[in-house]
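Here we start with a single chain on its own, the form predicted on its own, put down as structure tokens.
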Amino acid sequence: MHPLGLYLTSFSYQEIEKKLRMAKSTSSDAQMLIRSLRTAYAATPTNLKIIDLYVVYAIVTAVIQVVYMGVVGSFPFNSFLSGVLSCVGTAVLAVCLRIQVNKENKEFKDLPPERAYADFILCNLVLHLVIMNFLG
């Protein structure tokens, strides 16, 4: 007899049905979680959604650069590092901006949104000056 057949016959039908019910409940729980996240995100203000889109764009650009480096090679390695660090740094700064601009965040309730956007622009300027210096 095959060892796998012995393993499969060692389970009772009740245990197999229980595992199948757990798998079904897990998928329904996942669907319910995704549905609740989608409805909660629908209530998010438009300016935060735009910032989220910008973060996704920056991360996707970094991933494309890493894939390109893997396919083509990394001859000017400083250029590769500069590009990826620029994308990741911009994404991190955008997440910080999102935290500061979010009206539900109690820590930054006294901070005006104009100040948060000005900080974001200034930090991006400093980040990209450092990255251009790193290019060599």
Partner chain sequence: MWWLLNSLNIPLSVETVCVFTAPIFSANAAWATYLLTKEVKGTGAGLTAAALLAMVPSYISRSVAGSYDNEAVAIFALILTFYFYVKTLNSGSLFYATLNALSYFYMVCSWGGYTFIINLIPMHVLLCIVTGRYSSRLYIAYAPLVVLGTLLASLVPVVGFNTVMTSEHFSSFLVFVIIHMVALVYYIKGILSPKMFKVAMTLAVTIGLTVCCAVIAIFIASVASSPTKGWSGRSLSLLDPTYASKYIPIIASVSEHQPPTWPLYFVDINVLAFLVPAGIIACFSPLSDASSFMILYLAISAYFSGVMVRLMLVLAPAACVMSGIALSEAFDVFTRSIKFQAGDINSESSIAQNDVSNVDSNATTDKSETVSKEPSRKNHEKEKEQEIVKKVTSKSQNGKKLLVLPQEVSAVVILLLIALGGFYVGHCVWTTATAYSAPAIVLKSYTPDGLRVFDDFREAYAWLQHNTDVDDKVASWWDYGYQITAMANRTVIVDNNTWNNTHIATVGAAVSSPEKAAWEIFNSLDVKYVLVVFGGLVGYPSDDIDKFIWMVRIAGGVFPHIREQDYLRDGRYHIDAHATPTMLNCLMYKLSYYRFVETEAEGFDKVRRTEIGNKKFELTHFEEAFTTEHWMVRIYKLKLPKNRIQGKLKNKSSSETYSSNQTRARNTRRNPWQ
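Residue numbers count along the first chain shown, from 1. From a predicted model like this one, the values you see are computed outputs, not experimental measurements.
Unshown form predicted in complex with the partner chain; subsequent notes refer to it.
The partner chain in the predicted bound form is not approached by Tyr57, whose heavy atoms all lie more than 4.5 angstroms from it. Heavy atoms of Gln100 reach within 4.5 Å of the partner chain in the predicted bound form, making it an interface residue. Using a 4.5 Å cutoff between non-hydrogen atoms, Val66 does not count as a contact of the partner chain in the predicted bound form. Although the partner is absent here, Leu53 is not a contact residue: none of its heavy atoms lies within 4.5 angstroms of the partner chain in the predicted bound form.
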